[in-house]
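Take a look at this single chain, the form predicted on its own, given in structure tokens.
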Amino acid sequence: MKIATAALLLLVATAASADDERPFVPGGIYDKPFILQVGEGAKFGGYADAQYRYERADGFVSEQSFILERINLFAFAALSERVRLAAELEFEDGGEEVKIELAIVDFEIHQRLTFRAGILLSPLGRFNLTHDSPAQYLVDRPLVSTRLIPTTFSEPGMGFLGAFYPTTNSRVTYEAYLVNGLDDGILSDRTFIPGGKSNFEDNNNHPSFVGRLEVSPFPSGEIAVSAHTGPYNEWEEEGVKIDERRDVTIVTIDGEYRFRSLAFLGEYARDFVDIPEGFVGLFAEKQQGIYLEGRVDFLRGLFKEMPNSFFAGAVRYDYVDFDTDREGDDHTRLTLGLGFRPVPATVFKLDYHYNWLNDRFNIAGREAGVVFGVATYF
């Protein structure tokens, strides 16, 4: 008993002395360069993402255009020592689509326990939490993070998050929320998870659960597991059963390791969907995908006029299997990218990507493209 008590006291003392200044998620909600401060607490900022795309599919030009992909505006306010507010508004497709990406209130009860409520960025994989264009080394987002995990995935909910420090250099963080979840839009054409993400008023009056557990044994590396599960269909109406309850579950594993000017990161996701009996075989019950990315920074301060500038290179492998029970219906992509940052918050990116595609009948297709992007915080 004495040994257990001593161990508990040591854990508490270590937690108190641990380096808790690093952001909860590097590149996440509270790790953004807010530029304009109004009064004592409010801060405002945002980012813009513009692109030129030239793509060919099976030998024909499929797209050649200039795009203002998105402009995001965000705000942060420390309302008190323990209460914080963060919000983000996204404009896409030249302003045709406007949505609240984030609107949360955090109440820090303790370092290990913070209550969060509002429109959350679902902690389903790390990329959904750190997807800002200026922070990325490649123009396009990973396939698994857009086709299986519906990034950007925002949903109303509430729950808790916190951090523990087992040793001086290690950290464990968690997030756990009840949310509205996905709706039956996931079966809009074929099984397409992003089709069900706009469920801002719960369609079945039954919350889903989403959670993420991250272990960082040292400050330069993290590995995490997360899951999102719950019903997507309406199976009751005024207490009367009108259908069988059907659930959708997404499980992810993500990780990152940084060493000097190098970084290696990746994410794996697997979807499980309860399909109505009459649609089994037409819609996928299981899907999976992965991306692996390597990054390197070089030639820092090459230009005397820009002492904080540097070049960056990246290579990424993407693979998504839209139906693991059949041959074909998959997408593989290899992307090579070169970037230049005159300052850390602004980046010019030039990417080349090549795609191997197989449709549901296992007929092969090929696509390639060059993308030039400019993204900056402001």
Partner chain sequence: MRNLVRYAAPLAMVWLTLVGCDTLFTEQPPAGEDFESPLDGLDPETARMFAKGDENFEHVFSVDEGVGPIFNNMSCGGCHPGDGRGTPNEALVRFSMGTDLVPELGGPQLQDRAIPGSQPETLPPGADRSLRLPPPVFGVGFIEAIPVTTILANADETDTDLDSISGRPNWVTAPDFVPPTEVGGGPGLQLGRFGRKANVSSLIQQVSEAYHQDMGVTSDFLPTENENPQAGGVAVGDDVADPEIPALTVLETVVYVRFLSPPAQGERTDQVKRGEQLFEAAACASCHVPSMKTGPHAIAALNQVDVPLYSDLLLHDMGPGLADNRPDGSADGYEWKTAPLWGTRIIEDFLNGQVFFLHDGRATSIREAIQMHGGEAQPSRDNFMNLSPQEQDDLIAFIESL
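Only a predicted model underlies this, so the values are computations on that prediction, with no experimental measurement involved. Numbering follows the first chain given and starts at 1.
Beyond the structure shown, there is the form predicted in complex with its partner chain, which is absent from this document and is the topic of what follows.
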Non-hydrogen atom within 4.5 Å of its partner chain in the model of the complex for each of Arg147, Ile186 and Ala345: no
Interface membership of Leu338, its partner chain in the model of the complex, 4.5 Å heavy atom rule: yes
In the model of the complex, Gly221 touching its partner chain (heavy atom, 4.5 Å): no
Distance check, Ala57 to its partner chain in the model of the complex, heavy atom within 4.5 Å: yes
Arg245: touches its partner chain in the model of the complex, heavy atom cutoff 4.5 angstroms: no
Residue among Tyr317, Phe44, Phe310, Tyr52 with a heavy atom within 4.5 Å of its partner chain in the model of the complex: Tyr52
Listed residue that, although its partner chain is not shown, lies within 4.5 Å of it in the model of the complex (heavy atoms), from Met306, Val98, Ala78, Leu262: Met306
Segment that reaches its partner chain in the model of the complex - one of 103-111, 136-144, 266-274, 186-194, heavy atoms within 4.5 Å: 186-194
Stretch 117-139 - residues with a heavy atom within 4.5 Å of its partner chain in the model of the complex: none
